[in-house]
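Only one chain comes next, encoded as structure tokens, the form predicted on its own.
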Amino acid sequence: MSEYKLNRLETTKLIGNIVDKHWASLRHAKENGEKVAWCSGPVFAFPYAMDMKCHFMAGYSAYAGGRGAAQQLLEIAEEDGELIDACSYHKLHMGMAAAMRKNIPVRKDVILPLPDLLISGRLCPEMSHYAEGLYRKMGVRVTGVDVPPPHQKSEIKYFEKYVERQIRESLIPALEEVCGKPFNYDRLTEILIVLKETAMLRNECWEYLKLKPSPWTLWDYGVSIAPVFYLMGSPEAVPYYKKLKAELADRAAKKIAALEPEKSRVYWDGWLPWAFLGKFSRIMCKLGMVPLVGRYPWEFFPHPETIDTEGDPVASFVKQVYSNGGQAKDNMPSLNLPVIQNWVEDYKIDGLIMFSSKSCRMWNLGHNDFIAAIERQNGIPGVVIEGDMVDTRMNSFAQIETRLEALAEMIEARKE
């Protein structure tokens, strides 16, 4: 087998400090007299606008998984009655709640303060169970915003109005009551201004993934989403992407590839395996395989140029979730197939990897249909691999490696 060299980015080394600073400020928020919100779904900008310290469900799960702390929390949750095949992100939080309730010692760097308000921005059924479970077991206050995925384009405008009304009539009054002050619409506008600049710079970085060979990978981008969330509304988010863009431009000029040689370029569908990025990277590097694009984490504000920073900030934010290609549409195969087919052409993709999460079935909708349709239209192969984002017990890396080897062989055969 050929030898491959992985050239790591220098800029992504800055992410560790950004992430650690965010979670440390959250852990100590109550000591400093600050209000805390826990949030699932795409509505976390609203507690940030009220200067609350904000936890983001998927962000915490990625953090705990990346720090190697997930397995203990999952097992605590199961001992407390959670099912083994329940959503692992849900179980991480149930495990944390059980540890707090029963005084079970866990790693200090993943301990969370109980929220003053838990916001369920429901994109999937599990987010409702998560909110209900924490309310029932810990007595925390919950407010919900239902964010239904559209099945067809004609539903989008209707759902936008539905979500916007919930934010105005339910979420904002709850935030005002908890914080004891009127909602800060000006601060929300400031957040959108910074978000727009940050995400537009990030999109300029995405363009370098189209180069062949590519100077960075989907894994690098996955790591680099932290400033979008953890620095929401903070000008500190902008310098990171400026530095990243400069490094990518330098690599492109010098023709430095993320992986040398770049043998095949692949599309990745589904969650990123946060606790196992290193293992997946090593398997794919051995095959000369570079992951470049995928629905996740491309979903986060993919069209920031459409953010209206002059008008109503609530309506502008909701449009980012629906009309402008955001999170609400991700789980609907009929709306995503044309997008993926365009990416296959734009990013010069050689093969498809569908990561079928054993504990998040909604993300798996359409995987086999995607492979069949794109193989017919574009003539490239694909495989489905099963596993989980953070639960070690649900990943068989021998089987995963075998399937990726099979994909590499199919790609090579078709090229020949």
Partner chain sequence: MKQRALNQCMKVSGDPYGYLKEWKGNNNKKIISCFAMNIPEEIIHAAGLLPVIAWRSNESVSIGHSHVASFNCGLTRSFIDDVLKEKLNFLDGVVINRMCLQAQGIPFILEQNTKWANIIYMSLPALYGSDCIRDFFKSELDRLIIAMEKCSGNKITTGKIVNSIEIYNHNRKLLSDIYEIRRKNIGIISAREMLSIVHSSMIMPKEENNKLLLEVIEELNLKVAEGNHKSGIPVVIYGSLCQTPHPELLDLIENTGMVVVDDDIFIGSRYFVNSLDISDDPIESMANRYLSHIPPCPTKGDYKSNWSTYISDIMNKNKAKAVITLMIRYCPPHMCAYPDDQINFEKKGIPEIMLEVEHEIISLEQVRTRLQSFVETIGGI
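Positions refer to the first chain, counted from 1. In this text, all values refer to a predicted model and were calculated from it rather than measured experimentally.
From this point on, the text means the form predicted in complex with its partner chain, which you will not see here.
Put simply, residue 368 is close to its partner chain in the predicted complex: some heavy atom of it is within 4.5 Å. Using a 4.5 angstroms threshold between heavy atoms, residue 333 counts as touching its partner chain in the predicted complex. Mapping the unseen interface onto this chain, residue 386 counts among the residues with a heavy atom inside 4.5 Å of its partner chain in the predicted complex. By the criterion of a heavy atom within 4.5 Å, residue 35 is excluded from the residues contacting its partner chain in the predicted complex. Comparing 222-230, 160-168, 180-188, 281-289 against its partner chain in the predicted complex, the single stretch with non-hydrogen atoms within 4.5 angstroms of it is 160-168. Between its partner chain and the residues 319, 129, 196, 251, the one pair within 4.5 Å by heavy atoms in the predicted complex involves 129. For the residues 97, 145, 237, 272, the 4.5 Å heavy atom test against its partner chain in the predicted complex is passed only by 145. In the predicted complex, 333, 334, 337, 356, 357, 358, 361, 362, 364, 365, 366 are the residues of 333-366 with at least one heavy atom within 4.5 Å of its partner chain, listed from first to last.
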